[in-house]
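Just the one chain here, the form predicted alone, laid out as structure tokens.
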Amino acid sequence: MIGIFDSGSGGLTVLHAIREVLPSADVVYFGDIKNAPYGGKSHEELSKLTVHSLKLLRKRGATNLVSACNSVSASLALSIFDAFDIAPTQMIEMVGPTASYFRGSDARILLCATVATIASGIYQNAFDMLDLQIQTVAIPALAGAIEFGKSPDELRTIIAEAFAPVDFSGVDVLVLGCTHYPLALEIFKEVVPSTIDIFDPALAVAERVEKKFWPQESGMGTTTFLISKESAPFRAFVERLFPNMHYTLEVVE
């Protein structure tokens, strides 16, 4: 069983991409809405929340894991693998697959993400190892605004203000470095010049999941959603992204 965890609804974009390549995999998804958003939390807080998520997913039977939160990627450490007896090959995070996707590219890349993700330098370091330089812009309030169902006008204002100082003439590709951001993809398209390609890292992560977890992750295609707090926006996102999928949803402590 594949376990996916995120601060809330953002990881649903990753699950959607994974379902495209592994429709028969059994999946348990944990959205930690009670503690969302993660983007402004400290490294220590993120580490504790990561441990909690891993414990829950392992208890529910997950053997292979996907960290669908870019902010959490910065908190993952080798000690976690040892503590949970997880091999590095059993966990996939967002950054590695995303950077690898652009290996050999000469595209001029702008990454937008949460404050925690940008401050960690994890994307910058990953791209630097591939001899690729990227620009970055943090959007502090966006993930939370998406998570809690703010209006399209409010989301548009947040995005437009964050990009106001950006010179897009030096940009070819915008990478959405937070899994919540593709939930507002149409608004990004309105704000960003049409000459800019917008890349959703969920696609690269899904490719990595298929490569590493297939064919052992072939089951009945069951989906279980666990959320740490009741959320109408989360339920609405599930219905929007998976209109014909059978699933169970449970609120957990």
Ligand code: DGL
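We number the residues from 1 along the sequence you see. Here the structure is a predicted model, which means the values were calculated and not measured.
The same protein also has a form predicted together with the named molecule, omitted here; what follows describes it.
Considering the named molecule in the predicted bound form, the lone stretch of 109 to 117, 149 to 157, 166 to 174, 85 to 93 in range is 109 to 117 [heavy atom distance within 4.5 Å]. Of the heavy atoms in residue 98, none are within 4.5 Å of the named molecule in the predicted bound form. Of the heavy atoms in residue 30, none are within 4.5 Å of the named molecule in the predicted bound form.
When contacts are judged by a 4.5 Å heavy atom cut-off, residue 201 does not count as touching the named molecule in the predicted bound form. Residues of 180 to 196 that come within 4.5 Å of the named molecule in the predicted bound form, judged by any heavy atom, reduce to 180 alone.
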